[in-house]
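Okay, so here's just one chain, in structure tokens, the form predicted alone.
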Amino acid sequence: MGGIESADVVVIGAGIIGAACAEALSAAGVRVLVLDRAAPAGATTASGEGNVLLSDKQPGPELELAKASRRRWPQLLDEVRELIGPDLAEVEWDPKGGLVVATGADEMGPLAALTAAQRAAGVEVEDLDAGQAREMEPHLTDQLAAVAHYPDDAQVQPVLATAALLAAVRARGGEVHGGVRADGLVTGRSGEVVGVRTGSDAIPCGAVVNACGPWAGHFSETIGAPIDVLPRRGVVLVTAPMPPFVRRKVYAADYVDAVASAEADLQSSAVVESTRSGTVLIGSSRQRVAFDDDLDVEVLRGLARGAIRLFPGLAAVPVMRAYGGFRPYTPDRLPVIGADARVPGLWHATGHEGAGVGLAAATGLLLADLYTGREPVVDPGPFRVDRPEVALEAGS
């Protein structure tokens, strides 16, 4: 382990959520060690699109966390840039906004109801007519029944963002180690955390954060404090690089329902956005298939058809590759953030499913607030570990 002797907190999982928790803890003066069984940002984070969204969330606790995270991301990036320098802190932050598109009359009412509720919850939303929408996105379909513009939607490159947050942890004296599997906890006489087992070694610490993403449920079970976190698979298509074609994140109005669905069967809705490299990312799908990583051709075809309905010109653009990943799903569709009273010193930060990148900044801050006893950035109650929808009996 390269001479590691101890840490105040060991964060298990070096994806965007683990990195954000580690950064926020280190900024609060906590001595942090981050472990990952593979490469940092190599799993769920690497298979994400980098969305920082308000538009896809119904009013409620997740939207409040998203609003706090959207406010926090620019501040956090400024702080990290000052600490590690502009080159390491370049994460392709792009506050480009987003459009939600209803192509049929049957989608107009639900979209209007959603935007009204979001406005009441403090989200900025602008209703556009077809001409305004086409001015923003010239290649958009002519079949426009209603369009909502969300100026605060943004995007970040998730692997770069994770690397920058972990670099900030190192700059404050923390450590990050990939290729190290955490096998379990070492506990004291009263059952409290006193260390983390890594094979035949143990790292003394006072607390552990379970930020294992889709594997958080499995890890929690192995340490005797199970939480109900399952993998949900998503797939993204990537086109060949092309001249500027899509300026914002654009998705079909039924995407919000797909995001909110608790169904195990395939949920799919058209989502289209460009990257700085010129490629276009096409999603999105959600399907509970355990850890089966086989690509389903019918899913890929469905994604392509949905994208073409929004942007007919994409029919002539070749798809360069497809990739999939597993996202941490909870039955009540809310993240798990906070201390686990069953094992003093155990904390969880997981269950964000496909919204982890967008929610990361506020998640890390909330966990650090709770750990240090500060006033929490949002009400932590809805995300507590002991809620009946998430906490499981040991051995269940």
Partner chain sequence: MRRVVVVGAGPAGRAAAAATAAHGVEVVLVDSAPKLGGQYDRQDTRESGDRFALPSGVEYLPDSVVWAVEPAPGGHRVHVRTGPADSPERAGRALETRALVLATGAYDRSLPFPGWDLPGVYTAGAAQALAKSQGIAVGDRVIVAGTGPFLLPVATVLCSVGARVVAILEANDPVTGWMKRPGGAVAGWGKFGELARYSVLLGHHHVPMVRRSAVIAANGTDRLEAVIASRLDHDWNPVAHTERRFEVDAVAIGFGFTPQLELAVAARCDIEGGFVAVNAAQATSVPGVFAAGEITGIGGAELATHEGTIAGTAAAKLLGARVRVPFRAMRHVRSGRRFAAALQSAYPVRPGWKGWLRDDTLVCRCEEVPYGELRRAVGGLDIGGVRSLKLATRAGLGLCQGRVCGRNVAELAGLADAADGFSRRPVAAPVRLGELAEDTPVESER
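This one's a predicted model, so the numbers in the text were calculated from it and none came from an experiment. Positions refer to the first chain, counted from 1.
Beyond what is shown, the protein has a form predicted in complex with its partner chain; the following relates to that form.
Partner-facing stretch of 181-189, 124-132, 86-94, 200-208, counted where any non-hydrogen atom is within 4.5 angstroms of its partner chain in the model of the complex: So the stretch in question is 86-94.
Among the candidates 109, 173, 241, 104, the residue which, in the model of the complex, approaches its partner chain to within 4.5 Å (heavy atoms): After the contact test, the surviving option is 241.
Heavy atom within 4.5 Å of its partner chain in the model of the complex - residue from 212, 156, 282, 100: Here the answer is residue option 282.
Residue contact check: residue 46 to its partner chain in the model of the complex, 4.5 Å heavy atom: The answer is yes: residue 46 has a heavy atom within 4.5 Å of its partner chain.
Partner proximity in the model of the complex: residue 116 to its partner chain, non-hydrogen atom cutoff 4.5 Å: Flag for residue 116 set to no.
4.5 Å heavy atom contact, residue 166 and its partner chain in the model of the complex: Yes, residue 166 sits close enough to its partner chain in the model of the complex that at least one of its heavy atoms falls within 4.5 Å.
Partner contact for residue 82 in the model of the complex: its partner chain, 4.5 angstroms, heavy atom: Residue 82: no, not in contact with its partner chain in the model of the complex.
Joint contact, 58, 77 and 336 to its partner chain in the model of the complex, by non-hydrogen atom at 4.5 Å: Not a single listed residue reaches its partner chain in the model of the complex, so no.
Residues of stretch 299-319 in contact with its partner chain in the model of the complex (4.5 Å, non-hydrogen atom): Contacting residues: 300, 301, 304, 305, 308, 314, 315, 316, 317, 318, 319.
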